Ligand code: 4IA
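Take a look at this single chain, the form predicted alone, given in structure tokens.
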């Protein structure tokens, strides 16, 4: 294995494993090492290229013709191995196929649709905060970050009430599967059969409530925009994208506001900052840490030559704290101009569920800021390890009413 800093074709090699438990526990020193070593690095452990600076991550995300998604956005190269489940028509597809299916999801999750959901989401957020104020002490992950999206999103999608306990394990499995064949990935896939069976069944037209987002996707089969085979796979995309990332995003926001009481007071004094407080938490904590692309040709990226068929790992979280792009990147500031962060990706594959996530994040933070005077961490936060996501498994807090 090459020593750190030695180069082949001008690319420095690093002996770091971004899928190791120690890395997950505290990724920030390694993120800095990755950024400072060079614009492009080579990670010997998994034989792949890495980009951790904002400029290069943004460039890769915005050049889908050169850095494709159809060969898998995880470490597996679908040209060389069979995907563990049928490919996503959104995440693991390139134009023109991606353009067509993406258009359907953009319609069913349009700003107009979100406007129609806002009242329902806000009422559910108020109800959740009422219940938490009665308890005073609770786990901000299970009782808030998970409970709130689970109380509204599956209904909006049109899922039956039974079996919803499969949703979070399923989403967690999908994001673990993007990683290398480590213990996390092996265990997740080994345990996956019941979650996969549940999700496959729920995505069928007959199982979705009329008028829900899922039924609206299937309705596009009738107008010829998508096929009957594609519709369930598009509903499936929303089940993995619309839940886990939102849970981790809300968890991150509460964790930030509890750790930075000055920002919490700032939010309480100006509720219009709720959306930005959520957005800044997504930048600061980056619930989605990494994604892969595969090169379709030899390419020069910031002076590094990368051959065809190479995996390139984008460190979204490192880009979101790159001092070349952000002023005081390691501070959580709810008045920061967050536009341009890559917490939801960027370009044509930008997170399709981002409007849902933002609506849920904003309504929940707004409800909390209106009714809660203080949030105090009262126990040791526990991390939930995942090959792609960064989030907490548990965050014991105590709140006091405003």
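Residue numbers count along the first chain shown, from 1. The structure displayed is predicted, hence computed values, not measured ones.
One more form of this protein exists, namely the form predicted in complex with the ligand; it is left out here, but the text below deals with it.
Engineer: Could you work out which of 289, 240, 320, 76 is the residue within 4.5 angstroms of the ligand in the predicted complex, going by heavy atoms?
Structural biologist: After the contact test, the surviving option is 240.
Engineer: Can you work out which of 88, 101, 176, 294 has a heavy atom no more than 4.5 Å from the ligand in the predicted complex?
Structural biologist: Contact with the ligand in the predicted complex is made by 88 alone.
Engineer: Would you point out which of 258 to 266, 192 to 200, 151 to 159, 90 to 98 contains residues with a non-hydrogen atom within 4.5 Å of the ligand in the predicted complex?
Structural biologist: Residues of 90 to 98 come within 4.5 Å of the partner.
Engineer: Is there a heavy atom of residue 172 no more than 4.5 Å from a heavy atom of the ligand in the predicted complex?
Structural biologist: It does not: once the ligand is placed as it appears in the predicted complex, residue 172 has no heavy atom within 4.5 Å of it.
Engineer: Relative to the ligand in the predicted complex, which residues of 363 to 402 have a heavy atom no more than 4.5 Å away?
Structural biologist: Nothing in the stretch sits within 4.5 Å of the partner.
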